[in-house]
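A single chain, nothing else alongside it, follows as structure tokens in the form predicted alone.
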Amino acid sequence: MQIILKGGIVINPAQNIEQKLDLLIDNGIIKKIGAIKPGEYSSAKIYDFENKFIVPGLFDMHVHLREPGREDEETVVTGANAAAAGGFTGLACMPNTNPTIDSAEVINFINQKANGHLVNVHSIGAVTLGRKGESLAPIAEMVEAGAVAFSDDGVAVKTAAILRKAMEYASMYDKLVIEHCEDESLAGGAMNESVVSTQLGLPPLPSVSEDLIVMRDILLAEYVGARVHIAHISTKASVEMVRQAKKKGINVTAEVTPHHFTLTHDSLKTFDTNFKMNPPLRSKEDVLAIIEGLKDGTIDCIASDHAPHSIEEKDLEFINAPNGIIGLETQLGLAITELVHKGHLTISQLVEKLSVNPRKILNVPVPQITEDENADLTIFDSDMVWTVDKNKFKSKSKNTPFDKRLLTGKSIAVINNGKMFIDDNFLNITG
């Protein structure tokens, strides 16, 4: 099947491309880039993407798919469907499943479930067996099965000694450790420690809990000469520590979620459990520091921390409800609305943080918009105004704090692995 993407603005920072071009795709392969004359390929289906952006397929490096173990909340397929709907052609799934992703067997299971899907699904293996922090998981075995990184996400690696060994072993395979930075002795709170937590009478989770582990991990990465990645960074002090570490040449990278550059702890005054997450929503000062970190390159990428939960689980008292929100289908819209339209990032810089950098961090090949290459593409409209409707999500779960929020910017199509997903709303608009 031949398709023509007509009139789009092609951007790939990895290739220094930013140009209005037509693309001819034949059976999933880019066959021509440049002006295509009317009638030149009479059998091709033409999509009018005039002034829409065509970029390397977006990649989310922090997703919880819940399978195996909680298929009622999400599966590999439904999570991948949500990713496609949100504009993503690749993702990396976190290991806090049941059983834990701590063996080649579980990775092979996930690979099998994802086989043949438009979205490429990569596994992140656990650092320790069962994520218990006691003994290393079989890193070599998981690398061979396809693990792209290692994390005990949900908790920090329990001790510096275990973390050091994990860094050393992962480095042997040019892999890295991804850290959920939270000091165990300070954990357990329901929201950011602040005047607001006192007013609401909720148990606090202090920002220093994150800062302590970020500091530990940076020091160990420097000592071992290894790579470390800070997941869902959320505090001003942590952003500054990463900034200074990079200036010293320490191999540290960081990601941030849309909710941490969009919302503050003031949102919790409603006691809506969809605003409960870990790391918790922080102060306005933290949000401003995160935005500055995105602007100056301290924060390398944006990731959703997509964390599906059932309605029954979230519909509990605030203290007892689980942490986490879904984010695959709102991430791009929030990023364009809050970062691009407010002048913090250009479209090209956003593509770096949502497509190029996540793959570079995980040593996953960055899609090339080149003739005779696989078409791995996201097409989005930066000016499309739309209203979030959780009931239209492809995800199995609905736990989002952004329901009914008006956003500007949306994915309208993704292409990968010889498959195409196109948004129904765009088809309705174009006929």
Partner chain sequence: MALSTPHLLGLNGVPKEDIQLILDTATTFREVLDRPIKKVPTLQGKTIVNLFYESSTRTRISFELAQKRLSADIVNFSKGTSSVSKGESFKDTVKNIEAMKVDMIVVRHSSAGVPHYLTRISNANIINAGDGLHEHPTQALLDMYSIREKLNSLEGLRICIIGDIAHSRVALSNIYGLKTMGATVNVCGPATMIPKELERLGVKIYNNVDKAIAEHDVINVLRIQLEREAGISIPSLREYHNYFGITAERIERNNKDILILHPGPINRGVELSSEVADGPYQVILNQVTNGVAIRMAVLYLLGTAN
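In this text, all values refer to a predicted model and were calculated from it rather than measured experimentally. Positions refer to the first chain, counted from 1.
Not on display, but discussed next: the form predicted together with its partner chain.
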Query raised in the report: Is there a non-hydrogen atom of residue 183 within 4.5 angstroms of a non-hydrogen atom of its partner chain in the predicted bound form?
Result: no
Report task. Consider residue 315 of the chain shown here, and say whether it contacts its partner chain in the predicted bound form, taking contact as heavy atoms within 4.5 Å. Result -> yes
Query raised in the report: Does at least one non-hydrogen atom of residue 272 fall within 4.5 angstroms of its partner chain in the predicted bound form?
Result: yes
Query raised in the report: Taking heavy atoms and a 4.5 Å cut-off, does residue 347 contact its partner chain in the predicted bound form?
Result: no
Report summary line: With a 4.5 Å heavy atom cut-off to its partner chain in the predicted bound form, the contacting stretch among 193-201, 78-86, 357-365, 158-166 is 193-201
Report summary line: Interface check vs its partner chain in the predicted bound form: of 115, 244, 108, 320, the one with a heavy atom inside 4.5 Å is 320
